[in-house]
Structures are given as structure tokens and as C-alpha cells.
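Next up, C-alpha cells for two forms of one chain, structure 1 and then structure 2.
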Structure 1
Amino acid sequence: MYLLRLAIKSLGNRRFSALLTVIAIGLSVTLLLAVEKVRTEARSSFASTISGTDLIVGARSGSVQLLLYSVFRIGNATNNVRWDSFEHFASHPRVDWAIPLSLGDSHRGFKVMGTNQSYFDHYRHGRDQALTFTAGAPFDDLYDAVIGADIARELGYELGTELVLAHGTGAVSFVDHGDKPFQVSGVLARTGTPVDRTIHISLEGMQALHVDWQQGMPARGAAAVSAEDARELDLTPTAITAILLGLNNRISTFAVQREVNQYGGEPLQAVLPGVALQELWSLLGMAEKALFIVSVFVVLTGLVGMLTAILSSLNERRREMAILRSVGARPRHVFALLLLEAASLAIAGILLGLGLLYLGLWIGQPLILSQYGLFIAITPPGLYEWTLLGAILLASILMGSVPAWRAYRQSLADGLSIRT
């Protein structure tokens, strides 16, 4: 205890360099913990995006690609699913419910998705949580739209707001569907998933938008079908983008999967969302690992900085050591003193790092949520974080033993006096 006080007093004498060392360690610890935090939170937020769906069916492509466009609304489908294929599998005896998804249009950067009532009945996220409305109800009229929580907040839309959808999802050369405006009929509660950033319309609404289109261009003049005239037409869709399937019995999952994969009508593919998600993680694992390694190296840099600071102070402190020896300190006390110095620097750095992390989380949480829709829970460090911090402390003590050993040898050689 006495030695510790001595170590801290001695550091106090060199408070400027000590402070810089603590800040360097603190910042590196913040970076490491933040990287880990974002990694784990992003992982759990992705994993909770879809639950309760047994199979996702789409055109044949990669399983990760199918998961990304159907669930995360990232990227685009290479091919469509014909409507009769949807009807075939929706009425399959082993299928409990089927949600059709039709993507392709957008509104001010948000994706528009055509679907039907079963989406609101059966889509689940997190731990089996259903979608709920903060205002309004599912679409009822042909030109009704249900918007996610982010859209309501970011664009300031509410019930009754009129919106014009744009054709396609690209950022350039939009052709819009100005002739058939939609009205907000419902606002969904926040889910923390891509649902918050999606505009939901009925499949018939989606069909009405494109009923007079030819070769990807709107009809002109007499060929155009007005919004009211479209109501009289048969608006059964011809194709959709993907299907989410819930089965009566999960033991039949693989049998239905095989049936989809071997379906004679058109080349289709069924993936288990949980399996595709794991495939996605294994692909992302490399990037995650690289990020982790970089932050570990940043921490090591901080510790090396500490090592340099202590080592370079040793020469100036020969007199200090000699005085310590003269009042009865043994070389091993000098050794311990320097180890304690390294440890206290590291502990101060870790505490500063934790403080900065939580300050950053506290400030950043609402910003990250509003900007990127990623909810980062502020939780106390778990076992994993403590292990990391313990490893940092251990590394700092190991590094501290280098100057400690030198000081030990020096004070053996110098004895009680010092020749300068």
C-alpha cells in the first residue's frame, strides 16, 4: 500500500507525461470496447430482424443474396417469382401462412414494398414480436400506404399524408408514379429493423402503379390508365419478389424446402433464414476479425507509449531510486514500485476508456438510432469486456516489467549513491 502511494506520488511529479500516457491508453481502450460493442449490437440487431419464418422463397441466386434483399432490403433480386408459384405454395398443405413480398419502387430513398394482410398478421421480429400500429391501420384502399416509424419521424409524415412513389430504387433517373399518389393509412411502431424504413402498399396497389407501363416506361396520352380507372381493372399481380413461409410443423421444413428447390414451374430456391444469416456472419467474420485486430494493435500502441515514457524517465530518476535505497528500500522494492507505476497508468487508462465509452454511448445512442436505425443498448461491461480489460492490464504489467527490471539492475549497480 505504501509502495502504491509512493508510485502515485512519483507519477504526480511527472504528471504531464503520465497524463498523456493515460489518455493514449484510455482512447485505445475506448476504441477497442466501442468496436466490440458495435459488433455485438449489430449482430443481435441483425439476428432479431426476422423470427418465426421457416423458409424464404425467391428466384434462384445465392442464399445470402435472397436473405439480404427480402429481409434487409439491401440489393435487388435478379429474378421474380411468378404469382402462380406463390399461389401454389401458399395453398400447400404443409404451409400455415405465406407472405408475398414485392419490391422495386422507392420514395425519397426509402424502399416501397407490396404485400398483403398476412404480413401484418404473421411477420415477426425480435423474440416473436408482431408488428403494431402507433396510428391508423393496415392498408384498406387501393392507394393506402403503411409507413415505418423512421419514415414517419424523418419525413414528418402522418395519417392522411399524400406521397408519390418513384419507379425503381436507383438514385438516378427516377421516373415517378405521379399519376397515382398514395395516402398514409397507418404508421407502424418502431421495430429496430428495416421495417421502420419501408413503405408498405398492397400488391394490387403495386400492380395499379405499373398497369399501363410498357418496357419500363409509363404510357403516354390515351394509353395511360388513370388512378380511378385502374380500380376497375384486374389487379392480380403477375410476379412478386419473394415469399416468406410459415409451416404447420417445422419438422417438414426440409421437405418443403426440397419441394421448392425442385419446383417444376420455374427455378426457385428456399432458404432457412437462420442458416442464411449464419452464412452471412461467416462471410462478414473476416471484416470483423480485421477490425478487432486493428483495435488490439491500437491498444498495444498505447501500451508501448507507456513503456517508452517509463523507460525514458528512468535515467532522470536515478537520484529518486538512490534516495529510496538510502531510506531502506531494497532493489526488489524498486522493481515493485515500477510495476505498480505501470499498473496504475493502465488502470487509470482503462477507467478513462470506460468513462469515454459510456459518455460516447450516452451521446451517440440517439444519434445512431436516428441516423442509422441501429439501437445500441447501454449495458454494463459483460464477462467478455472484463476479460479484454484484464488482458490489457496483464499486458501492461508484463510491459512494465521491462523498465522495472532495468531499474532493479540500475539500483543494484548504483547502490545508495549515484555518480552523475
Structure 2
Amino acid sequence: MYLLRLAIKSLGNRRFSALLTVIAIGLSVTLLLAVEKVRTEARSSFASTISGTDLIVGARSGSVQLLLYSVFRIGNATNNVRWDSFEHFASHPRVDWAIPLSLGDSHRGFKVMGTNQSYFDHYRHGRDQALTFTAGAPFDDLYDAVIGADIARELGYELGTELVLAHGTGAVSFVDHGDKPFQVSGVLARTGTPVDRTIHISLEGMQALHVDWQQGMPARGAAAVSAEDARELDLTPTAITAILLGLNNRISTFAVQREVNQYGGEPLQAVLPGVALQELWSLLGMAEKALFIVSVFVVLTGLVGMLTAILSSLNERRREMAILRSVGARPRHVFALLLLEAASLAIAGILLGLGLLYLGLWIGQPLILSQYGLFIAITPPGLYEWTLLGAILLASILMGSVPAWRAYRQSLADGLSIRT
């Protein structure tokens, strides 16, 4: 215990360099734990981009491709799903609810998706969080549109804003639906998912946009159908892009999946969202590992800074060592003293890093949630985090053994006898 008090007093005598070392270690620990926490929460949020949905049904392709275009709005479907196929599975006795999704148009680079009221009732994200509105309500009129939070923020749209949808999913389109403008009826709260960058309209509205289109171009003259005339037509869709299914009992998931895959009406595929998300995440795992490795090297840089500070002070502390020897300290005491100094600096840095981490989380949690839709829970470090901190402490002790060994050899060279 007296060696620990002596180590702390010795560090206090060199408080400026010790403080800089503690700050360097603290900042590197903060970065490591912050990266790990964001990585963990981002992975959890990624896996929860869609939750509560048991199966995603679409035309046969790959599971990742089906997930990308139906949930992340990336890419295009290889084929559509007939409306009678949707009605077949929506009325299936094992299906609790079904959400139709129809993609194909855009607005200033943002995807437009046709759906129905079931989307707002049953779609879940994150930890089983429902969609909520910051303004307005779901579409009620044929030409109503519900926009995501990012669209409202980036384009400055609000309730009642008129928008003209464009044909196709590209950022630039040369053909639009200017004869049938929509208006914003609702703005969704931020979710941190592709919902934030999606314009939602009714399936009937999607059908009305293309009711007078022929071979990918709008009809001209007498064949054209006005916005008001379209209201009088039967706007039941003939095909959609994908279906989200929620089952009465998850035990029947594989049975319904097999039934979809073997459906005789048309070639369809059903995938489990969780499995497809894990498959997609595995493709992105390299970037995740690279970020973690960078943060580990930052911590090592902080520990090397501690090692450099202790080594550079050895020559300046020859008088201190001589005084310790004169009062009976042995080489092993000098060795233990320097090890305790290194451990004390590491522990202080770890505590500072933890304090900075939780202070940053407390301050930044609302901002991160509002800007990026990522909820980072303020929870005590788990077993994995404590293992990382233990590894940092062990590494600091191992690095501290280098100057401690040099001091030990120096004490022997100065003629101090070793008694065991």
C-alpha cells in the first residue's frame, strides 16, 4: 500500500505530464467504447430496420435483393406480384395481416411507394416501434401523400405542399405526372430507416398515375385521363412489387414460407427478414471490423504515449531513485513502483474515458436520435466492454514493465544488493 501512495505522490510531482498522459488514454478509451457502442447499436438498429414482419414475399430472385428493394428501396424487382396472389395470401388462415408494397416512381430522387392503411397500422421498426406522425395523418384522399422526416427537412415540405411525382426511380426523370399532382397530408416522425426518405401514397393513387399510360408514355389528347376523371375509374391494382406478411403464430413461419415458395399461381419467394438482414450485414462486416481496428490502434497510440512519458522521465528521476535506495528500497521496489505508476495512469485514463463517454451520450443522445434515428441506450458497460478495459489495463502494465525493468537494471548497476 505504501508503494501505491508513493506512486501517486510521484505522479503528482510530475502532474503536468501525467495529466496529459491520462487525457490521451482517456480520449482513446472514449473513442474505443464509443465506436463499439455505436457499432453495436447500429447493428441492432440495422437488424431492426423492419421488425414484427414474419415474411417478405416477392418475385423469385435472391433473398438479399428482395430485402434491398422492398425494405431499403435499393434496386429493382425482377418481376411484379399479381394482385390476385396478394389477395390469396392476405386471406390465408395463418396470416394475421398483409401489407402490399408498390414501387416504381420517384420525386426529386426520393422513392415513391404505394401501399394501404395496413402499412401505418402494422409496420414496425427498431424495437417494435410503430410509425408516428409529427404532423397530419395517413392519406385519405386519392391524391394525398405521406412523406418521411428527411424529405420534410431537406425539401422544406409541410402539410398541404403540392408535389409532382416523376416516372421511374432515378434521381432525374424526363417524364412526370404533372397532370395529377399530390399534396402532403402527413409527415412521419424520424425512424432512422428508409421510411424517412420515402413518399407514401395509396395503391389507388399509384394506379391513377398510370391509368392512361401506354408503353411507358402518357396518353395524349382524348385518350388522356384527367385527375378528376380518374376518381371515377376502378383503380384496383393489377400488380404490386412485394408483400409484408405478419402471421398469427410464428411457429407456422416455415410452413407458410414453403407454401409461398411452392405457390403454383406464379413464381414467388418468401424470405425471413432477420435471416436476410444478417446475410446483408455479413457483406458489410469488413467495414465494421476496420472501424474497430482503427479505434484499437488509437488506444495503442495512447498507451505508447504513456510508455514514452515514463521512459523519458527515467534519467530525470535518477536522484529520486537514489533517495529511495538510500532509505532501503530494493530494485524490486523500484520495479513495482514504476509498474504501479503505469497502472495508475491507465486506471485514471479508463475512468476519465468512461466519464467522457457517458457525458457525451447524455448530451448527444437526443441529437443522434433526432438527426439519425439511432437510439443509443445509456447502459453500464457489459462483459465485452469490461473485457476491453481489462485488456487495456493489462497492456498498460506490460508496457510499464519496460521502463520498470530498465530502472531495475539501473538499480543493480548502481550497486544495490538484492536480498530474497
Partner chain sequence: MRPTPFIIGSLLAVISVASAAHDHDEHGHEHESLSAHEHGVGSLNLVVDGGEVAIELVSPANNLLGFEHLPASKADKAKVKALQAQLNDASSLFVFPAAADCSLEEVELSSPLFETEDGHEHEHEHEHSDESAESHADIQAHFHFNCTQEAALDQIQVALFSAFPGTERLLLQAIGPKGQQGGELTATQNLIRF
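Heads up, when I say rigid core I mean the largest set of C-alphas that superpose within 1.5 Å between the two forms. Counting starts at 1 and follows the sequence of structure 1. Predicted, not measured: the structure shown is a model, and the values here were computed from it.
Participant: Two copies of the same chain, shown separately. Which of them is the form predicted in complex with its partner chain?
Facilitator: Pick structure 1 here.
Participant: At the hinge between the two rigid parts, which of V187, H92, L277, D150 do we find when the chain moves between structures 1 and 2?
Facilitator: Among V187, H92, L277, D150, only L277 lies at a hinge between structures 1 and 2.
Participant: Return the inter-part rotation between structures 1 and 2: the angle in whole degrees by which the smaller rigid part turns against the larger, from C-alpha superpositions.
Facilitator: Hinge rotation between structures 1 and 2: 23 degrees.
Participant: Check the Cα of K37 between structures 1 and 2 on a core superposition and give its shift in Å.
Facilitator: Between its two positions, the C-alpha of K37 lies 7.2 Å apart after core fitting.
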